[in-house]
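For reference, the chain that follows is the form predicted alone, supplied as structure tokens.
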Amino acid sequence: MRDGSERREERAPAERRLLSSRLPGFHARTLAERRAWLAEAFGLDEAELGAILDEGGLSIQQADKTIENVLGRFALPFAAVVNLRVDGRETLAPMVVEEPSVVAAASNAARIARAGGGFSTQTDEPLTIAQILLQGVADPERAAEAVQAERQELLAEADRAVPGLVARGGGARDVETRDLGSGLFAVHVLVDCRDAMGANLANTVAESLGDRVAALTGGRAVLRILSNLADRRLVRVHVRIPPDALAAEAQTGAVVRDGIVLASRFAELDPYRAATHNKGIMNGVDAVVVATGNDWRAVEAGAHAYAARRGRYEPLCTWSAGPDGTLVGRLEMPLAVGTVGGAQRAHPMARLALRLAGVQSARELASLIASVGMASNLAALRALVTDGIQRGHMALHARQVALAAGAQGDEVERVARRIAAAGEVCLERAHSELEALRRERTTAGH
């Protein structure tokens, strides 16, 4: 479990009235009904909530000041994973994603995981690596000794570069060296970033120490920047699911369990399968990272680098059968995310997302994100070994195709149902069904 002793950023606690995230039929409610429930569950003003959600949280004026060469805004759906229980806590997971079935699949897998008590997590201290890369280090052994001899002063100098972080209980914690060969040498400063993702803080530390480290090693500081391989900032998730909870229409829970274990084994043996296996994890991870205003590119880079840390690409999540017949899932991955920072302060939707998640620290957020990643992986594997990945996915994808064909209002669902039932989820069939539907309505009108 997370160490509850970590110091948290000062923040007014969010008012939460969420008693359970188990919400049967939530997907079938209207948009207005879902928003009304959300306002009631989280103590939000319904009109204010609606205004934020309709606007997407970012005005065109704000967008123009956020990045360069702005022309407009690009909208993506904002949704929530329900049924989640993480470390015994009922919670929702905000998601921003364009792919159909990701939210539904994660919500369904979270429901299944509840049969075993939900997801349990462990998180490391939020250490980010500030990396100083040097060239021309003639004697790596002597350079390493020189750096370690000045370790305390280097840590003190690093702390002086980030006084605000030190005041919040963070700061530089250790200094490490790595001989990369051919005169290339790396110095790592481990920075406890508390509730920040830590990129700017680590970069500040690396830049502040570059000249001093160069003098100590006899080399030239070439690069001073964080590393996105956050392998000191790992999250571990564990789940244990009774087989009965896994049963499908035509398969017993034990058969589904064994299929998931076999699929996991394929990912352990074959990097081609492992890449798709991990993509399923990142379906859930990235969507929550984006919703909460964090850097999904950094998270992706770290996750895939960690998957290849032993010289071959491996799955981040594995599944096995426990001695008692349960399905046991284990996930381990780096997650450098924050609950404070520029995006969280400036973007109303990111602030809303953190409120819905109910997290009070970066470590809690990392636990939630990794749990959703495991849920997404479970959903994908269960679908693969039962009905196949396409059945559920294409049924939901049919709505996008119907929209692309020009369907409006209730036409969207009707056309989607027709093309899904026909097994032809394609634009040509959607056009045909839409024309047929409109002819039927015209005839009925006469």
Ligand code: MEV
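Given the structure is predicted, the values throughout are model-derived calculations rather than measurements. Numbering starts at 1 and runs along the sequence shown.
We do not show the form predicted together with (R)-mevalonate, though everything after this point is about it.
Undergrad: Among 41 to 49, 375 to 383, 28 to 36, 54 to 62, mark the stretch whose residues have heavy atoms within 4.5 Å of (R)-mevalonate in the predicted complex.
TA: Stretch 375 to 383 is the one.
Undergrad: Are all three residues 198, 200 and 203 in contact with (R)-mevalonate in the predicted complex, where contact means a non-hydrogen atom within 4.5 Å?
TA: Per the other structure, none of 198, 200 and 203 touch (R)-mevalonate.
Undergrad: Considering (R)-mevalonate in the predicted complex, which of 251, 276, 122, 208 comes within 4.5 Å of it through any heavy atom?
TA: Of the candidates 251, 276, 122, 208, 276 is the one lying within 4.5 Å of (R)-mevalonate in the predicted complex.
Undergrad: Only one of 141, 99, 324, 268 has a non-hydrogen atom within 4.5 angstroms of (R)-mevalonate in the predicted complex; which is it?
TA: Selected residue: 99.
Undergrad: Taking any heavy atom pair closer than or equal to 4.5 Å as contact, tell me whether residue 228 reaches (R)-mevalonate in the predicted complex.
TA: Taking the distances in the predicted complex, the answer for residue 228 is no, it never comes within 4.5 Å of (R)-mevalonate.
Undergrad: Does residue 264 make contact with (R)-mevalonate in the predicted complex, using a 4.5 Å heavy atom cut-off?
TA: Answer no; every heavy atom of residue 264 is more than 4.5 Å from (R)-mevalonate in the predicted complex.
Undergrad: Against (R)-mevalonate in the predicted complex, would residue 171 count as a contact residue? Criterion: heavy atoms within 4.5 Å.
TA: Looking in the predicted complex, residue contacts with (R)-mevalonate do not include residue 171, since no heavy atom lies within 4.5 Å.
Undergrad: Against (R)-mevalonate in the predicted complex, would residue 293 count as a contact residue? Criterion: heavy atoms within 4.5 Å.
TA: Residue 293: no contact with (R)-mevalonate in the predicted complex.
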